[in-house]
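Okay, here we've got a single chain as structure tokens, the form predicted alone, with questions on binding and movement later.
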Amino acid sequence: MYRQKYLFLLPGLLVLVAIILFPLLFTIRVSFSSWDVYNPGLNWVGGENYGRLWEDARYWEALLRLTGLTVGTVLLQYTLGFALALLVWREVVARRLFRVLFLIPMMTTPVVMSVLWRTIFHESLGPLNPILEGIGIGAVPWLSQSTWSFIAVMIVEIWQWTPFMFLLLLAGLLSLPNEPFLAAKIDGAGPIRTFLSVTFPMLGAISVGAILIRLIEASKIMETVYVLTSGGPGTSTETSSYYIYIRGMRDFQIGYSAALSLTYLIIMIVTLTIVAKLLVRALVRDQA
């Protein structure tokens, strides 16, 4: 009877093997092949693809660009999400309505949201530039200039995924006990001191979880770049995922794109593991 319980785990284990382990092992094998549009198949070339990868400046530039995009958007999402959660945490007018409105961007698919923002950012037909001109700022080359295109991608990501931070942090705020806040009030602590000494430390574990989830998801950004800028102008908004897509699905360099993917996966695992430990040390352990 004791061993029979493991039989119930077998279907789930087989599914994991089918959808995770087999594709991973196959990708590893493909990364050591010369599979491309001219040489389809798994012809063994050893570490040739990985040697080529180290000399591919475009790939490392895309990885560096992704790092800046990920860190910048997640930090802003966390800050804005926390502010919105604090706004509707206490009793305010139409609190439930605000909660629903804040979640609308997250409930829209990234492709649809990117198409909408591409229309908004259109320099001659979109509604944003006329508004900016009307208030004296002037038209902005949102999708035709490198810096502004990068900012445009960040705006879309922040707009869509700040509600995710808001949802998790609001749930954490609603679960906090009242006793520490009553004690802080008795001690004469003001709103800022209460937030820094009570609210923020008590949300340390939830903050770590929310930030890590968003870091993982933001590091895979693809749809927004594909629809909004197509990596342009030039390669100014090209991320690692989009560059791998170009090499694999456009240039049909399957073996090389597999090597790019595995290298990217290893870098992300190592980096996020280090970041997770640093966040736990900063936001959880020191507050314990």
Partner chain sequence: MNRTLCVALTTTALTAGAVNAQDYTKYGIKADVPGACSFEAIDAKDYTGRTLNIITHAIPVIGEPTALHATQFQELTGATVNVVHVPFGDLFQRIMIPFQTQQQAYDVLFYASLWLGDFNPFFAEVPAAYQETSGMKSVTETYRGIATVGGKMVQYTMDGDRHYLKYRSDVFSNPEMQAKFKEATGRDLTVPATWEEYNEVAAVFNNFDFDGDGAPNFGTAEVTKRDDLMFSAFISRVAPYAKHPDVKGGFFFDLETMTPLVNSPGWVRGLELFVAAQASMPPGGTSFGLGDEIFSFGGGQTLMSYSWDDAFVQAMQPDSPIRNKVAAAPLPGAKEVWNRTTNAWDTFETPNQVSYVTWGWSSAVAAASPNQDMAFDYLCFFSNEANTLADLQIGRFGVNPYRAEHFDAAFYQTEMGWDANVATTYADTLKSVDTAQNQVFDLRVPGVGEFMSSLAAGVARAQAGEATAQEALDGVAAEWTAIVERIGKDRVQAAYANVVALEDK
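Since the model is a prediction, treat every value here as computed from it, not as a measurement. Residue numbers count along the first chain shown, from 1.
What follows is about the form predicted in complex with its partner chain, which we do not show.
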(request) Just give me the single entry in 70, 33, 253, 263 that has a non-hydrogen atom within 4.5 angstroms of its partner chain in the model of the complex. (result) 253
(message) Between 211, 85, 198, 143, only one gets a heavy atom within 4.5 angstroms of its partner chain in the model of the complex; which residue is that?
(response) 143
(request) Would you point out which of 150-158, 182-190, 117-125, 74-82 contains residues with a non-hydrogen atom within 4.5 Å of its partner chain in the model of the complex? (result) 117-125
(message) Would you classify residue 45 as touching its partner chain in the model of the complex, given a 4.5 Å non-hydrogen atom cut-off?
(response) no
(message) Can you work out whether residue 226 and its partner chain are in contact in the model of the complex, taking contact to mean some heavy atom pair no more than 4.5 Å apart?
(response) yes
(request) Mark residue 63 yes when one of its heavy atoms lies within 4.5 Å of a heavy atom of its partner chain in the model of the complex, and no otherwise. (result) no
(message) Whether residue 52 contacts its partner chain in the model of the complex should be assessed with a 4.5 Å heavy atom distance threshold; does it?
(response) yes
(message) Pick out the residues of 215-245 whose heavy atoms come within 4.5 Å of its partner chain in the model of the complex.
(response) 226, 227, 228, 229, 230, 231, 233, 234, 235, 236, 238, 242, 245
